[in-house]
Each structure stands twice: as structure tokens, then as C-alpha cells.
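Given next, in C-alpha cells, is a single chain: the form predicted alone.
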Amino acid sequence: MRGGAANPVRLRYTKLGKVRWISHRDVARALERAFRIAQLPLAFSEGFSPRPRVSFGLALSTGHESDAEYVDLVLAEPVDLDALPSRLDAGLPEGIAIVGAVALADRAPALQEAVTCVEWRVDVAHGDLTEVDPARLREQVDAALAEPVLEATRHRKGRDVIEDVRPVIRRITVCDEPSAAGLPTVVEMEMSTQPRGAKPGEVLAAIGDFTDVRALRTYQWIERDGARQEPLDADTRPRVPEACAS
């Protein structure tokens, strides 16, 4: 489609298990392949080399998992959004699943601009894989958050740089002690994404010797005028009646 009525849609999907080791670019390719398999009526951009009008949200680092990833796409005609997740899941690798679909308002802000905060659930261990004492970790977190600057080593454009990640951190909560020996200590983190964000591992490495982490992104939030919305609830429009959808 070039021109004509547009039908923007926002999808929420998961990335769990072994598939966490594929890159953000490979996830994009997997989703675009599923769109083709499902024969979605994608709208295309104008110009010499038209491309499907698909826009991905914040990149998820390789090795991280997520319950809350998002992608926006524009369709040339309306489809049944209730049936769309199962339509797409048939063409997706194990661990990636569509868990929500909503009709998006025209000219809605891009996800990368709109999302201002993310939440994580992180399993933490020392670099030598020894167990982490929750009480000691809580002390280290409190001490780090009391400092005006928290320097972290970040890998950017092929080199390591030192940056202050303290402004990124909104909340770090050390959960209660593991229910059994050998289980990791769990940390919940809430961090800003604007004007820049940080990876959970970078922040925890700056706090202490917690270089072995397994991170799950649990929420992304769009914040406006003091209110917070999950991206499936923000910038949406009423659904097309099912009788009119294909």
C-alpha cells in the first residue's frame, strides 16, 4: 500500500529462554518473517526503495529476556486483532510470542521516543558465581544510591568509556533472601530511558562485583502529565468492529 487509509497497530511480545541469545536485529528479522508467513497486509513507505512500515521499540541487549517488548506496524487494511497473536505465533521461534495487539492512533509518537522508564527483575551473582548475601547487597545498594555519582564502565563504539549512571536509576530493591540454597538473589530495578538509559549489568557492576546477572525486562512505561501507561494502553484508538476486519 502507498497512500490510502492507514491502520497502525502495536504488538507486545516476549523474548524468553534460549532465544535470548539472538540479537535485536535477528528478532526483527524473525518478526518480519512471521508477518510474511501470516500474509499480513503491510503498508509500505514511499520512495525509490519502499520498505514495510514497521518500527521497533527499545533494543533489548543480547542475553536479556523480556515479558514486555513492542513493535509498531502499519497495515493497508484492518485485520482481526484478537486473532492476530495466534496468527503470528505460528511463524515465530520458540521463546518469542505475541501477547497483545491494539489499534494505534494515527501519528502516535515512536516507541523509542515515548517510553521513558523500564523495569527489570535481575538474578544476581558474583563474578566467581558464588551466592550473594541479600543483606550485604542491600547495604551496597543503599550506599551507592546515596552517592551523587555512580561511575560505570560501558562499551560504546568499540571502546570502553566511564559514564555516570546515577541519574538513570529510579529504584533498586533487593528482594528477600532466596527460598532455598543455591538460588540467586533477586533485584528489582526501575530505570529511566531518557535522555539515555543503562543496562542492569552495568549498574550492578558499578555497585559491586556482580558481573554475572540474568535480566528480565518486566515493564516499559510511557509517562505523560504525571500519569504512567503501559504502551498497549497509550496512544490507542477504538478497534474496527470484527465484522469489518479481515
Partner chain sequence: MSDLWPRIEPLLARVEKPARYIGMEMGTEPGSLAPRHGSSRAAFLLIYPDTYEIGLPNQGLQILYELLNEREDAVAERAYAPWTDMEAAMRAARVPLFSVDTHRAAADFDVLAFNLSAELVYTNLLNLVDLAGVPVRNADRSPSHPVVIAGGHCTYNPEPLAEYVDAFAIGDGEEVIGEIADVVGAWKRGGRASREAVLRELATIPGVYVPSLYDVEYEGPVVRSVTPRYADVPAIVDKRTVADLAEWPYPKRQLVPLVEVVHDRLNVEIFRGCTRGCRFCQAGMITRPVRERPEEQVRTMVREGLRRTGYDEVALTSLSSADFSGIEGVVADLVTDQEGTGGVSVSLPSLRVDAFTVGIASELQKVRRSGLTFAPEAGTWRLRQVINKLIIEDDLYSAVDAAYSQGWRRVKLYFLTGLPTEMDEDTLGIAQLATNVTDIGRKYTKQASCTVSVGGFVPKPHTPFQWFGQNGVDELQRKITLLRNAVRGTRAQVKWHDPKATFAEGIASRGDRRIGRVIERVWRAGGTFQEWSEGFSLDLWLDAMRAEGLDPDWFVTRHRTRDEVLPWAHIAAGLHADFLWGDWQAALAEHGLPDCRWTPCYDCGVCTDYALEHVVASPVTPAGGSQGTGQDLTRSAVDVPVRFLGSKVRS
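Just so it is clear, the model here is predicted, and its values are computed rather than measured. Numbering follows the first chain given and starts at 1.
One more form of this protein should be noted, the form predicted in complex with its partner chain, which is absent from this view; the next part is about it.
query: Of the residues G91, P78, P167, P134, which one places a heavy atom within 4.5 Å of its partner chain in the predicted complex?
result: Of G91, P78, P167, P134, the residue with a heavy atom within 4.5 Å of its partner chain in the predicted complex is G91.
field: Contact residue in the predicted complex, chosen from D26, E202, D67, E190 - any heavy atom within 4.5 Å of its partner chain
entry: Only one listed residue qualifies here, and that residue is D26.
task: Answer yes if any heavy atom of F44 is within 4.5 Å of a heavy atom of its partner chain in the predicted complex; otherwise answer no.
output: Heavy-atom contact with its partner chain at 4.5 Å: present for F44.
- request: Answer yes if any heavy atom of R53 is within 4.5 Å of a heavy atom of its partner chain in the predicted complex; otherwise answer no.
  value: Contact with its partner chain, no.
message: Can you tell me if S61 lies within 4.5 angstroms of its partner chain in the predicted complex, counting non-hydrogen atoms only?
response: S61: no, not in contact with its partner chain in the predicted complex.
- prompt: Is there any non-hydrogen atom of K18 lying within 4.5 Å of its partner chain in the predicted complex?
  reply: Judged by the heavy-atom cut-off of 4.5 Å, K18 is in contact with its partner chain in the predicted complex.
- request: Pick the stretch from 67-75, 135-143, 158-166, 92-100 whose residues have a heavy atom within 4.5 Å of its partner chain in the predicted complex.
  value: Looking at the other structure, the answer is 92-100.
- request: Answer yes or no: in the predicted complex, does its partner chain come within 4.5 Å of a heavy atom in every one of I22, I37 and R214?
  value: So, yes: the whole triplet contacts its partner chain.
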